[in-house]
Every structure is written in structure tokens, then in C-alpha cells.
Ligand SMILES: NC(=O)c1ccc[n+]([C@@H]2O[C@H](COP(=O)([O-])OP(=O)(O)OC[C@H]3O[C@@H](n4cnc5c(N)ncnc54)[C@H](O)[C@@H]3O)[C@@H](O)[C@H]2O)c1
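Given as C-alpha cells, the chain that follows is alone and in the form predicted alone.
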């Protein structure tokens, strides 16, 4: 089996590559990345071929189509900084590149495509969010991912025999996200401050809610998407929204601290106040059932990784 992973040096991509190597040791794996938001430390144990390239360039995909052939493509590469306001750049990297990828994967390789979508497509739609429900992104990042989903739906109609699977990630956290710096998860940011003995800081008044999903559940969802005969778009979250205040309480318990929260005004106009995945479709069709609660995931993350890698 020949597998391509774009964004393989990034947070989710590197965890995926590691699990693919473990689960499918005979597979030929190729990683594409340009280290925009990834880092080599994430994949020092990678045993396959690494290709450096700009996914937003048509010539890059023409080169890949000509020189390689894959059975499965995991597309994780993207601009993941949701505060980027350069609309043209966001659309070129996140949306236009996906069209180039689909043309190579479906027309040249006949490969299965599994790609990263985002809960940002929902914006502030009522929770829990459903795949076929309200879609109203609050920023250009969310819009770029919505346009990726629209492309996927178009190609699914044009090519009824191919398999394209979109995974709408909610708020993913876990080992390997440190390369994202200030754009890593709130769990990572708060944990680092609290480990240093600093007070956690939240937007007033900490009651905003997020569907936090541990990286191990996200990787499981990707493998299910590859192994099962499925197509379409699926929510990947925990299925349960938790407030930032609750998160701080969990971090205090795991770290053995009692740090008080400092609240400050939210400077962002485009801000999701409540994300929560409706997992009905994911459970029924994809067979996805998250195993990690927020309490268990945070404990595993901090005790098994963060405290030993600072």
C-alpha cells in the first residue's frame, strides 16, 4: 500500500504518520511538508520519503502526479492560523490546492482521499453542529474549509465510484502541537503557563464552550476513514462541549495546583462561543466512537508528554 500524507510534519499529520508506520509496517509512506506550521522534531522517527513542496502550486501537483502513485492520500496540510486575514493566500493554500490534489488523486492515481475539514465551517451556528445543518463561518479560515467541503461534494457527484472522506475536526489537542506556537490549543497554552506557576488567563468570563477532542481519537477516525468503505463528510469531536472554566479546573487538579483565573476582554470579533459535534452520522456510518474524555485526555497528555518534554 502506498500512502501520501500532506502536512506530515505538523501536529495531526505527524501523529498520523507515526500510527500508520506502526499499524501498517509494510506500507510505503511519503510525507509532504514545507514546515510552515510543522517541525522536523515531530517526525525524526519517520522511515519513509520526505518531499518538500508548496501545495498551493499547480506545478507541484503535476510533478507528484507524474512521478508517484498512491492508493490513499491523507491531506492534512493547510494554513491553520485562524487569525490570518490575507484572504487570497488562505484560499490559495487551503482551497485551490485541494482541487489540484483531487485532480491528481482521482484522475491519475484513483486513490482514496481523506482530508482535514474543520468545525470552523459552523461558526456560531446552534450547537450541537450537524454535518448537513447550519454552516456559517466567522472568518476566512472557516470559509476556506467550507469551500474545500463544497469541492469534495462536487467531486463525489462527478466521480460516483471514488471515495472522498472529509473529517471536520473540532478542537484537537495532544502531543506534537508545540510547533504551532501561539496557535496551539488552549489546553497546551494554559498548561504551559500553569506548569510555570503563572495564572491562567481567559476571555471574560470563561463560560465559552469547546468540543475538545484528544489526538488519539482523531487518529483513530482517520484510520477508520481509510479502512472502511465510506465517503462523505463527518464530524470528529468528543461530542460534549466543556467550558474554559471547567478546563482550568481539570488542569489544576492534574497539576496539583490551585491557580486562580485572570479574565480579560475578548479582542476578536470572529469568535466561536460554543462548539459541539453531533456525532450521530459519524457513529452510524464511520463507526467513530471517541474514547477519551477531557479529564482522561488532559491527564494522559500532561503526565505522559508535556511534563517530560518542556
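Because the structure is predicted, anything quoted here is derived from the model rather than measured. Positions refer to the first chain, counted from 1.
The form predicted together with the ligand is left out here; the points below concern that form.
Only one segment in the set 170-178, 197-205, 156-164, 224-232 has residues whose heavy atoms sit within 4.5 Å of the ligand in the predicted bound form; it is 170-178. In terms of contact with the ligand in the predicted bound form, the residue from 279, 251, 55, 43 that brings a heavy atom within 4.5 Å is 55. Contact annotation: of the candidates 187, 148, 113, 78, the single residue with a non-hydrogen atom within 4.5 angstroms of the ligand in the predicted bound form is 78.
Contact check for residue 12: a non-hydrogen atom falls within 4.5 Å of the ligand in the predicted bound form. When the ligand is considered in the predicted bound form, residue 275 lies well away from it, no heavy atom lying within 4.5 Å. Although the partner is absent here, residue 93 sits close enough that one of its heavy atoms falls within 4.5 Å of the ligand in the predicted bound form.
Within 4.5 Å of some heavy atom of the ligand in the predicted bound form lies at least one heavy atom of residue 35.
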